[in-house]
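Next up is one chain by itself, shown in structure tokens, the form predicted on its own.
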Amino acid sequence: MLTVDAVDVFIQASHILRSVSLGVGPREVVCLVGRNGAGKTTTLRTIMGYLRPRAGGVEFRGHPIHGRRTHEIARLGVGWAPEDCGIFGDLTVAENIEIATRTRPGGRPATERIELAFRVFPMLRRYAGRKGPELSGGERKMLSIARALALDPELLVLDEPFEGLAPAIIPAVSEGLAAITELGRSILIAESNIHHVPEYTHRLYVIERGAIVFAGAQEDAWRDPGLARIIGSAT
């Protein structure tokens, strides 16, 4: 479904990503793990069109998407929830979710997509009339993911969905993501804390200094002493 192939990315004169390759298949949950500054967010922002690779490419459903604008990538079926949530503070919870249905018109009716978002994150239904500044950090995270889901995407790209959350709210977010996978959607997660990687993850990538140093099962990564030091300190 998603293929990142030998991508090199520079930001000004700094070489940030070095031949990064990863893939997400249909109905898969894939996690990209690394320390702060390792290149996780840069990888996701490249997928979403905010950054352009100097070498390599990104394909979605077999078609190149590198070089496309972010809204064009969203219309192809890629939902995006950034680390800072990116919700509209002057809109209510319901309005934030509804606006995503306009980004990708067509397909299932907007009312069905909105209802699905509330069903996956039922806590948000109680706060449908609240605006962004009235929400907690965990509620904003859930809203960001719910809005991405209302796009009706085949793939969700989530940057640090568990970062900064109170321990009590983490299960609600994890259960919401599990429900999304049961709908047949694929998910790519960037995470700096290995302990937040969901147990239902199909494949793990570890990134260090802008390069992928491991791809495989989470338990295999822990068996490698060098990798264990990296992912153990990525908290």
Partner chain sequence: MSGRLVLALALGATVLAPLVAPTYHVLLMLPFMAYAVALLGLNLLFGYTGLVSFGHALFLGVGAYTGAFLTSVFKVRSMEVILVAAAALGALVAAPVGALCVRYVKIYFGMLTLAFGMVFYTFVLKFYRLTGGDEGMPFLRPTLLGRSIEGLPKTDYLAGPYYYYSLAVLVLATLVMWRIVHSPFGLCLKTIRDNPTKAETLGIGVARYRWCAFVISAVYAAVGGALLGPPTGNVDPTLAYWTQSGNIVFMTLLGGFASFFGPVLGAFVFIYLQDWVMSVVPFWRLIFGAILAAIVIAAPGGLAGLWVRRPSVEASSS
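Since we're looking at a predicted model, the values are computed, not measured. Numbering follows the first chain given and starts at 1.
Just so it is clear, the following notes concern the form predicted together with the partner chain, a form of the same protein that is not shown.
The listed set Leu151, Leu158, Leu124, Val120 contains one residue whose heavy atoms approach the partner chain in the model of the complex to within 4.5 Å, identified as Leu151.
Think of it this way: in the model of the complex, the partner chain has a heavy atom of just one of Ile99, Ala110, Leu116, Leu165 within 4.5 Å, and the residue is Ile99.
Picking from 63-71, 35-43, 203-211, 166-174 the stretch near the partner chain in the model of the complex, with a 4.5 Å limit on heavy atoms, gives 63-71.
The shortest heavy atom separation between Gly89 and the partner chain in the model of the complex is within 4.5 Å.
Though the partner is left out of this view, Gly138 does not reach within 4.5 Å of the partner chain in the model of the complex, counting heavy atoms only.
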